[in-house]
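Quick setup: one chain, the form predicted on its own, written in structure tokens, and binding and motion questions come after.
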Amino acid sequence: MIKLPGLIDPHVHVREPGQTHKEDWDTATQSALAGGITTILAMPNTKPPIFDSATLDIALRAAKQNARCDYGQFIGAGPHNADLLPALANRAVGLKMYLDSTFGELRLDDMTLWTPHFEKFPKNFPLVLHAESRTMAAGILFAAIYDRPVHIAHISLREEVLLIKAAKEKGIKVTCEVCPHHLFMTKDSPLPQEEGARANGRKEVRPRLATKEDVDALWQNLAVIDCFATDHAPHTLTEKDSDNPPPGFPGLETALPLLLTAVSESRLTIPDIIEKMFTNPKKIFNLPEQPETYVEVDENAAYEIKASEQFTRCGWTPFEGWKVKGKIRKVVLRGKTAFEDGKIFAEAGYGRNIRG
């Protein structure tokens, strides 16, 4: 057995409010605990999105009632709410800015809409950018102009990691995360598919799966990458196999086994996992201590990933049948056994708001 600190996932789509047929605070936090994760940070692009005081109240009430691990809630930057959000900063874990690939109240498709958020949101709280390729470069430029930290979500491309490396070397305040599916899969990776399902619907994810050259560049530049984050984005198989498949993969229960397998193959070390799933996210997002919190892992246990054994409501995984090495045996959260040998013991509502 090896012991890890309670891990942190800074990028989780809980789907509550509005899409609880996919996931909710109860099932998402059960999935987190089963994956060795004791704190999740929830994204604001729900229905309705979390972008003002009333919607933040909705999310935090649901979390207080149902979360089984600790949590924080992002608020979303929109084209018209820059004046409202500073007053909410103490109740949120940070501000999420969608500079690519979103719609509705959180769409920021004009750089003039970015400026008031960079100017007004308190500098001691992080800005997280969904920004890909050239838009990411523009976001880093804004970080330099306004002299404030930005965290780039789910990088996936060689050009992105090399630009972030160059920005860090110039002293620009930028950090970044990478998802396991962008480390372990390429656009050519086969996914389990039911007969008659729409071709490649289950491969839909944003950012898209990239080339082998991009994946190799991420591994070659692990020192540049600050965090591993799942971007847990559950959808049902009916949705994924439809004519209009939504982008996103579940990931809370597969991240640590995949990374531990990479340790067994000498591609990573245990200190790498601790740095990128505990030390760095704790620092970047200014998270409190979790006393008496740890994860016990049997690093020699080999098994196959099976969706039928997972807690996520969506009922599938892109890593179905993958052989992994390293099984989570026990999770202790604030002195209480929260998960052990496949069973959840933390009750709904045991989780604490890290900004509470």
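The structure displayed is predicted, hence computed values, not measured ones. Numbers follow the displayed sequence, beginning with 1.
Below, we refer to the form predicted together with another copy of the chain, which is not included among the displayed structures.
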Practice task
Can you work out whether another copy of the chain is within 4.5 angstroms of a heavy atom in all three of 252, 274 and 308 in the model of the complex?
Solution key: no
Fill in the blank from the handout: For another copy of the chain in the model of the complex, the stretch among 281 to 289, 176 to 184, 256 to 264, 134 to 142 with residues bearing a heavy atom within 4.5 Å is 134 to 142
Practice task
Quick one: from 225, 95, 163, 268, grab the residue that has a heavy atom within 4.5 Å of another copy of the chain in the model of the complex.
Solution key: 163
Fill in the blank from the handout: Of 204, 159, 105, 241, the only residue with a heavy atom within 4.5 Å of another copy of the chain in the model of the complex is 159
Exercise for the section: Mark residue 146 yes when one of its heavy atoms lies within 4.5 Å of a heavy atom of another copy of the chain in the model of the complex, and no otherwise. Expected result: yes
Problem - residue 172 within 4.5 Å of another copy of the chain in the model of the complex, heavy atoms - result: yes
Practice task
Tell me, yes or no, whether residue 109 is in contact with another copy of the chain in the model of the complex, where a contact means a heavy atom of each within 4.5 Å.
Solution key: yes
Exercise for the section: Evaluate residue 114 for contact with another copy of the chain in the model of the complex, applying a 4.5 angstroms cut-off between non-hydrogen atoms, and reply yes or no. Expected result: yes
